[in-house]
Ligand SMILES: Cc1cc2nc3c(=O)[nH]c(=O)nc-3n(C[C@H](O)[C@H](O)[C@H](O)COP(=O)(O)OP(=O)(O)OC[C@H]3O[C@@H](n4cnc5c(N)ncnc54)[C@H](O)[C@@H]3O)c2cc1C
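Shown below, as structure tokens, is a lone chain in the form predicted on its own; questions about how it binds or moves come after it.
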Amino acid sequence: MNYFNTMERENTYRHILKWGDKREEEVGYHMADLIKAKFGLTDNDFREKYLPGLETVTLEKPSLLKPRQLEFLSDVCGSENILTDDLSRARYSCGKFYGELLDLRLKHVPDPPDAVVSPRSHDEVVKIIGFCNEEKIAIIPAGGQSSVTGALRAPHGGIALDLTKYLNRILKINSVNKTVTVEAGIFGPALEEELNRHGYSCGHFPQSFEYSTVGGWISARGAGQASTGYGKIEDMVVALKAVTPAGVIETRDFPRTAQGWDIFRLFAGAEGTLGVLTEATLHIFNHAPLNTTSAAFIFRSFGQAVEAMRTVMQSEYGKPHLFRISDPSETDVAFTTSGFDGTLADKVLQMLGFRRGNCCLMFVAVEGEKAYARFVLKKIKKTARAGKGMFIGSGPVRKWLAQRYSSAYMRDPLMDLGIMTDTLETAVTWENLMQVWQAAHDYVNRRPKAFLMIHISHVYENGANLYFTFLSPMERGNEQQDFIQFHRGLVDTIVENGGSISHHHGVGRALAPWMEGHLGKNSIDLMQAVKRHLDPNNIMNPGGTLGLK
């Protein structure tokens, strides 16, 4: 059955809200059956899209930039790089946060910029920010627009500064220092492809990899699937160049210094509130995919899998790069949607005590020098066996890697069915991890026809992340408020039980209300003081990003 495989015009709300290359994904047989069982849907629910957003984009808010302001921007960047039409402004008004996608389906664009500006060089960015600071015009830096935190909205209007059209080059690959210097608007695939040609890898592969940029990775303090081995993006940054209203900040590529604060770290996680990143120098890693070793394990419970994972991380024999556990709910969905139900392998596992609804999958991959990769994987296998895990081959890891980017496309057809689907993530210490995991499930289970899947995908000596994916039928006619209340309650539950408000998605505006309570007033005051110095007129991504005023 081919559900929802249609095309539409590019000037529609739907075209803006869709992910990636804008293709329409199908809901496969097994997934459709699961959705019907979980949410009580029928074949009739699959025949028409709910809130499809097929209307032509029109904005209620006109551009408020004055003719002389537009003339200045045109003189700097060229008139062809200044866009003020409704469609362009709508495209740059949002990222991929659920609330924003729902707005688009409801034909609502609440916070569009007044113009989209594409500077051609670092020097043009300097001129634009200097002018906007004098004129008190808001600036929202824009990369791949994959933010899921509401960080790209323009509640004060102003300009969306598109860094991807021109500021997308690799400036230098330094084989002696093993670094790469790039412009901030370069997309992940372009960077990785060129590095591979030289025998290197960037080591950073978030699910948004195909449609996100280095500047965005740094601004949100992102993490890729191999972060357990390579670190998060802030661990990879060596130096950067940023343009602020107070002037240019440029740090140097020393390996380490003791010269006061690490200034560049102010911009890692700043989400455009301090200035615009134009260049970054990153660590790079040897590209040796044939050396990679991998293994999948199955455990009888989430607690057993977590304890084995903790033991691996604290044993000091080496770290895997990919390290992932799917909890029982996510494991069950993976088995069901892959057609595993009722197979001989399924029956054998259950006979061995790996019961559906309790058992968990663990995926491991180790990269690097060949002997090292084999040694670490051998140690992990021994630890997993001691923790009552069973090795089930490397095939499941390869299958997961093959779909790691395409799974993001499933959100659109789920929303077409009227299903609320969004994600949250947290960082939590080992001692609090099981408590946060259980509390989140308890909270979601109190909502009728709600379903929660949780996995761990970024792991440290003292703890890990928990990544939450929730699904539930929308309350039709009250979609936004229903989501806001449910989302708020889940965040409260995570924080109250010992989790952070974010691990790698960033904060944006969606999580800003929790910032002061989570960090403390003194920390927020410190952040506000830095912003006042670098951005005295509050033009950089204003309107509550990070909880700043």
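Start at 1 with the first residue shown and count on from there. Remember, it's a predicted structure, so these values are computed and weren't measured experimentally.
Beyond what is shown, the protein has a form predicted in complex with this ligand; the following relates to that form.
Asker: This ligand isn't shown here, but in the model of the complex, which of 83-91, 276-284, 289-297, 379-387 has heavy atoms within 4.5 Å of it?
Answerer: Only one stretch passes the 4.5 Å heavy-atom test: 276-284.
Asker: Quick check on this chain: which one of 326, 244, 426, 208 has a heavy atom within 4.5 Å of this ligand in the model of the complex?
Answerer: Only one listed residue qualifies here, and that residue is 208.
Asker: Under a 4.5 angstroms heavy atom criterion, identify the one residue in 240, 129, 163, 195 near this ligand in the model of the complex.
Answerer: The option sitting close enough to the partner is 163.
Asker: Given that this ligand is not shown alongside this chain, does residue 148 nevertheless sit within 4.5 Å of it in the model of the complex, heavy atom to heavy atom?
Answerer: Residue 148: contacts this ligand in the model of the complex.
Asker: Please check if residue 184 has a heavy atom lying within 4.5 Å of any heavy atom of this ligand in the model of the complex.
Answerer: Result yes; residue 184 sits at the interface with this ligand in the model of the complex.
Asker: So in the model of the complex, is this ligand close enough to residue 420 to count as touching (4.5 Å, heavy atoms)?
Answerer: So residue 420 does not count as contacting this ligand.
Asker: I'd like to check something about residue 152: if you look in the model of the complex, is any of its heavy atoms closer than or equal to 4.5 Å to a heavy atom of this ligand?
Answerer: Heavy-atom contact with this ligand at 4.5 Å: present for residue 152.
Asker: Using heavy atoms only and a 4.5 Å cut-off, decide whether all three of 141, 213 and 504 touch this ligand in the model of the complex.
Answerer: Contact check passed for all of 141, 213 and 504.
Asker: Which residues from 214-229 come close to this ligand in the model of the complex, meaning a heavy atom within 4.5 Å?
Answerer: The stretch 214-229, when checked against this ligand in the model of the complex, contributes 215, 216, 217, 219, 220, 222, 223 at the 4.5 Å heavy-atom cut-off.
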